[in-house]
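Okay, here we've got a single chain as structure tokens, the form predicted on its own, with questions on binding and movement later.
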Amino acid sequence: MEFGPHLILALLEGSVTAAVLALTAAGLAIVFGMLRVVNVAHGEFFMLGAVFAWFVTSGLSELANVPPAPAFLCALIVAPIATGAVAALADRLVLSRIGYDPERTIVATIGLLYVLQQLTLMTYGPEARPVEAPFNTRIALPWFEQGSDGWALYWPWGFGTTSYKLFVIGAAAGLLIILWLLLRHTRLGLVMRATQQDRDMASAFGIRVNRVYAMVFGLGAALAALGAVLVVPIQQAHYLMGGDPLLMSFIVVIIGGLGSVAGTVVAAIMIGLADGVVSVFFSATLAKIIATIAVALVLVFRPHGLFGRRSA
């Protein structure tokens, strides 16, 4: 196959990575922007979303003989809600009791990481288990080739993608638009922004700040779980799958700007596409090395990130 088809396939794979990464990292950015909490357990909420998705789909399939598409739709709803509820409970039981102190919250979320990981190991097991995609039609993509008679349209062998991967890209884009509308054009978003700007003033106006913080922590975890539910039919659910999403989310948030959701999405697209291209033409390890170097360069030349604001 020529370079052009290879490049398109790499960009398609990178777009899937970018879509999932944007959702996951947006949750981390929201939590840091509101609570100033570095949530080291964010990857485990990603893992919980995938595990909950497996429980829902397998349970509906075995107990009620539900087809894959309705079962996956249920998982897409139930898994983020369940994960968000676990995160909100963790916030009320742990983070709020230590006053969201930056140093202590790092230690607390590290402890939360191991608690969630070991509880999942005891209940779910060490196996990697697949979730059946609701649909997975192979879609052949055309390509143009120049011959003696001019340009001709043809379908290279093996050149294509699946309908589900295209769905992941579209679904993530739609969910990010909904998130933007929620944050910018709803009363809930106004309350969140007011609490972020001045906690004491928001409390004086009757806003229950602790409830807002718990809701934001739950929302961040739910976004990570959404990304996991979307990607688990492509990958597999495993109790150790949270490490890579956590690392990549931190890279994206640092490059985009701490607390900037828009910057996080732009950085996720950049990193995701670069990861897809480098992984296809070189290796996945090199893609991670390049992402790490990009973080170092951003920290040196633009410490507040591409879209972050300088501290006052």
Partner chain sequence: MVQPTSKSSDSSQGPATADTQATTPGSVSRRGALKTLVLGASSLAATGTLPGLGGYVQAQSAAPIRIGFQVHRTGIGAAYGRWYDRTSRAAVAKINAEGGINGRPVELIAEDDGTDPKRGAEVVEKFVNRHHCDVGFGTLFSHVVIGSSPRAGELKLPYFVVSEGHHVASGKLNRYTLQPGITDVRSQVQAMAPFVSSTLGKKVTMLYSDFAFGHDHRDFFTDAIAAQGGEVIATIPIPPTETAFTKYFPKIPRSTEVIYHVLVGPAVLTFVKEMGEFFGPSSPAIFGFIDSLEAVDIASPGLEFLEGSHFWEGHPRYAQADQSEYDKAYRKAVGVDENGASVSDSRDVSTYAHMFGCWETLHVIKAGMQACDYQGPADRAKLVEAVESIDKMPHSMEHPQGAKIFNGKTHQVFGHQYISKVEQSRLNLVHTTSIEDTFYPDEVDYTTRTL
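Positions refer to the first chain, counted from 1. For clarity, every value in this text was computed on a predicted model and none was experimentally measured.
Just so it is clear, the following notes concern the form predicted in complex with the partner chain, a form of the same protein that is not shown.
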property	result
Of Pro130, Gly111, Pro102, Gly174, the one that lies within 4.5 Å of the partner chain in the predicted bound form (heavy atoms)	Pro130
is_contact(Asn210, the partner chain) in the predicted bound form, heavy atom dist at most 4.5 Å	no
4.5 Å heavy atom contact, Thr123 and the partner chain in the predicted bound form	no
Any non-hydrogen atom of Thr162 within 4.5 angstroms of the partner chain in the predicted bound form	yes
Partner contact for Thr186 in the predicted bound form: the partner chain, 4.5 angstroms, heavy atom	no
Option from 200-208, 89-97, 177-185, 235-243 whose residues, in the predicted bound form, bring a heavy atom within 4.5 Å of the partner chain	235-243
